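As structure tokens, one chain now follows by itself in the form predicted on its own.
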Amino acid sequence: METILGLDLPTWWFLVVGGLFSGYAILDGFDLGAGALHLFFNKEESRRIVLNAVGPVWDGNEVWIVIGGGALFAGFPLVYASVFSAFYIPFMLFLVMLIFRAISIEFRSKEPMRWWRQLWDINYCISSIMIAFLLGLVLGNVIQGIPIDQNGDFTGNWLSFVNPYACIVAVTTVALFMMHGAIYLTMKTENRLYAKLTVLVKNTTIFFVICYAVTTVATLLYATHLSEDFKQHPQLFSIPLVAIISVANITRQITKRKYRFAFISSSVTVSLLLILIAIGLYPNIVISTVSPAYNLTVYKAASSAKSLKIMLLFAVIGVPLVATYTTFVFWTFRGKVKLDEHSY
């Protein structure tokens, strides 16, 4: 099989897909977290400020999951078909929540009535929490494995997705995004709202650390296959060690009120947690709970070598362009939020 820099094409595409989903989790993670915290702010001005903190970037952040889904379809069509068929109900709920969240942001400021704004505030908060929860629920089931047969067809019941381990991962995802969002908002606010957020940052960080510890123990108990590669290659244990250091650095930077560095650390933590899962799964992408012979590996599920090579070229050109656009938007809207007549 043709290789580039020592890695074969399916593995390269596995890295591309993983990188895109990691970018989505970091970018949309903080605005989902900000949405999950929305009802903690009681004053109308505070809610407008936190809404406008994510206003210029939230829709651009969601582009990353669209590209990630497209990359998954292009590189691993069998995985795309199996996963989206298996998680049909969760993904439909996910799309409904995405729509509710988007219209909540856009509709809220269209009318001045108090009941109208409260209605969209509640919708915005609930949909943000549900999106994060559903993402974690899918991730938890992917880690555990799902019942697929030799053709990659789902043979289980969608209600089985709501199992204890997947729910723990889902709650941890919500906690991680809430912490990530709270840290982001401290960089965009000032005065009394900033003071309130410094308290929220501490509380959400404690919440995440507790969830992180519980999820780690649950993973060691219920997803033992995830540690096989680490046992065979002890040098890989450096990655979970770096992840623990990264989490510790978040609390350290928050204590010193250096929120920019805390945000970098929380972004690194999001990425490292996904890398740990990717290492544990590889070369599998989807694990079958029916039989290990039915696992969908990067080799079994990949497109042809010619297709992967052409698409990899597009990815090398396209991903940096999207990253540049994202950087430009963040640079343009840097600094503290100031409300004006064009604000939400």
Partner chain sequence: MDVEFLSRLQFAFTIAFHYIYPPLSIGLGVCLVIMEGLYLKTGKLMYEQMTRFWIKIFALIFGIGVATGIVMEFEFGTNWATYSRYVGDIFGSALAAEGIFAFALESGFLGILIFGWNRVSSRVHFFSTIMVALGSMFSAIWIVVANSWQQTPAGYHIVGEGLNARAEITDFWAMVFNPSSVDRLSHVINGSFLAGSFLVLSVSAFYILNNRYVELSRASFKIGLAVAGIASLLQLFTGHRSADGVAEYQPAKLAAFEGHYDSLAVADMYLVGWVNQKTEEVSGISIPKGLTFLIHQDFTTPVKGLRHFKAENRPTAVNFVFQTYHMMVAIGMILIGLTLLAAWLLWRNKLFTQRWLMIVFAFSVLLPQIGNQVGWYSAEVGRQPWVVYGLLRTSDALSKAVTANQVIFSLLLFTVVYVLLFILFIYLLNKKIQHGPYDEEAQEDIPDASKRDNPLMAH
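For clarity, every value in this text was computed on a predicted model and none was experimentally measured. Numbering follows the first chain given and starts at 1.
This next part talks about the form predicted in complex with the partner chain, which is not shown.
Novice: So in the predicted bound form, does E190 come within 4.5 Å of the partner chain, heavy atom to heavy atom?
Specialist: No.
Novice: With the partner left out of view, is P56 within 4.5 angstroms of the partner chain in the predicted bound form by any non-hydrogen atom?
Specialist: P56 belongs to the contact set for the partner chain.
Novice: Do W158 and the partner chain share at least one heavy atom pair within 4.5 Å in the predicted bound form?
Specialist: Because a heavy atom of W158 falls inside 4.5 Å of the partner chain in the predicted bound form, the answer is yes.
Novice: Is there a non-hydrogen atom of G145 within 4.5 angstroms of a non-hydrogen atom of the partner chain in the predicted bound form?
Specialist: Taking the distances in the predicted bound form, the answer for G145 is no, it never comes within 4.5 Å of the partner chain.
Novice: Using heavy atoms only and a 4.5 Å cut-off, determine which of L95, I122, L236, I245 is in contact with the partner chain in the predicted bound form.
Specialist: Filtering the options by heavy-atom distance leaves L95.
Novice: Between I103, I264, A213, V162, only one gets a heavy atom within 4.5 angstroms of the partner chain in the predicted bound form; which residue is that?
Specialist: It is I103 that has a heavy atom within 4.5 Å of the partner.
Novice: On the criterion of a non-hydrogen atom at 4.5 angstroms or closer, are V66, S304 and G318 all touching the partner chain in the predicted bound form?
Specialist: Every residue of the spot touches the partner chain in the predicted bound form.
Novice: To test your reading of this chain, name the stretch in 179-187, 166-174, 73-81, 216-224 whose heavy atoms come within 4.5 Å of the partner chain in the predicted bound form.
Specialist: Answer to the contact question: 73-81.
Novice: Go through 105-124 residue by residue and record those having a heavy atom within 4.5 Å of the partner chain in the predicted bound form; state none if no residue qualifies.
Specialist: Contacts from 105-124: E106, F107, K110, E111, W116, W120.
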